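Just the one chain here, laid out as structure tokens, in the form predicted on its own.
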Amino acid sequence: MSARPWALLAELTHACPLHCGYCSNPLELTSRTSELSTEQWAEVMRQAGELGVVHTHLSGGEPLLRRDLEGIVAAADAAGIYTQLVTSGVGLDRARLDVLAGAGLKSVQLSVQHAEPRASDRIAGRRSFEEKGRAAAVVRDVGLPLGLNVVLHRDNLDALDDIVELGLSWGVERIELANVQFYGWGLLNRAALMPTREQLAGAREAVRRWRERLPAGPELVWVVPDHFDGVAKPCMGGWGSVSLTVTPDGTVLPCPAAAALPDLDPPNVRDHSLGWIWGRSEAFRRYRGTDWMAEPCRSCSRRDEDFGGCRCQAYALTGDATRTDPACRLSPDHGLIRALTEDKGGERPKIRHRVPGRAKGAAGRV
């Protein structure tokens, strides 16, 4: 078996009150009736702890829509796993958070779309900014660590200073500034979401200034926009190397977007143990290590740093998941990325918002 994983992304549900046009969840969402039960999630946590996982993001969709969330948190805590709730903040009140904290919840990551209320609501596809502010206050009152997660794109990159100011006013300890990755709904809306080079340069400089100004925190995490830098981002720290994702119906993936790859045939916790899936399944072994690589990756000095880049992005852009990620300037397909990032001017297409009611089985109608 390869080195043991330390991180688990637990996608508890695809249901969500927001309709963000950059959502990385698949276009065909898992229906509520297909979700794992409380007992099945508890067994996932038990096996994850035995496998070596020490940290889990409880995510979705919106995990607060799971009425049994407290039981899942308790199971993870019993397995020795640090739990972080990744939430829109919609529906998070003091009573619910007290119960979650009592069950073992250790921290909260709150998603924010913009610092200006109307812009935030527009990007989220519904009124939610005020609820986020109330949720932040509740987390602060309970005493749990609070972080912000902000997906950056053309519509909010210019507001980065205001976003950091918002985090400071809410008393956060960490702000993750995650440049949009084009999977799921994000891929569908790529033309509308793609920023300009000038926007990225300005935002990168703003992060630098804030880090100098706030050496004691909060921590500012800048997730590199690989479409512009000519350097492929590491694929989840290496395919099947440090983390795994369990989707709402129990499918287990080496990365959250891997379900889009053809012929992957990902295993399911209903059929196999996490130990077998991690160590023996074809889905986890397919792009693990470097033996699968072709040139120019095979002889590249960075192959143990970027792991050939993102398999899902390679497939999305070239139709072949084994090719070098076109984000890399050494890729023979790098021209595809350059063409995507050219600012041709003119009117941009409108963002198509994630609409849960149109998903398979009417998933996420809330």
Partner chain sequence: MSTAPGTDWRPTPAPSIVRRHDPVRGDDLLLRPERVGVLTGSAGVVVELCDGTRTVGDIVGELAGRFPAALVATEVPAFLERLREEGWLR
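Positions refer to the first chain, counted from 1. Just so it is clear, the structure is predicted and the values come from calculations on it, not from any experiment.
Unshown form predicted together with its partner chain; subsequent notes refer to it.
By the 4.5 Å heavy atom rule, the three marked residues Pro5, Leu51 and Pro215 all count as contacting its partner chain in the predicted complex. Among Pro145, Gly102, Pro296, Gly279, the residue placing a heavy atom within 4.5 Å of its partner chain in the predicted complex is Pro145.
Interface residue among Ser120, Ser243, Gln109, Thr251, judged by heavy atoms within 4.5 Å of its partner chain in the predicted complex: Gln109. Looking at 299-307, 64-72, 325-333, 42-50, the stretch with residues near its partner chain in the predicted complex, meaning non-hydrogen atoms within 4.5 angstroms, turns out to be 42-50. In the predicted complex, at least one heavy atom of Gln84 sits within 4.5 Å of a heavy atom of its partner chain. Using a 4.5 angstroms threshold between heavy atoms, Glu219 counts as touching its partner chain in the predicted complex. Using a 4.5 Å cutoff between non-hydrogen atoms, His114 does not count as a contact of its partner chain in the predicted complex.
The closest non-hydrogen atom of Gly80 lies within 4.5 Å of its partner chain in the predicted complex.
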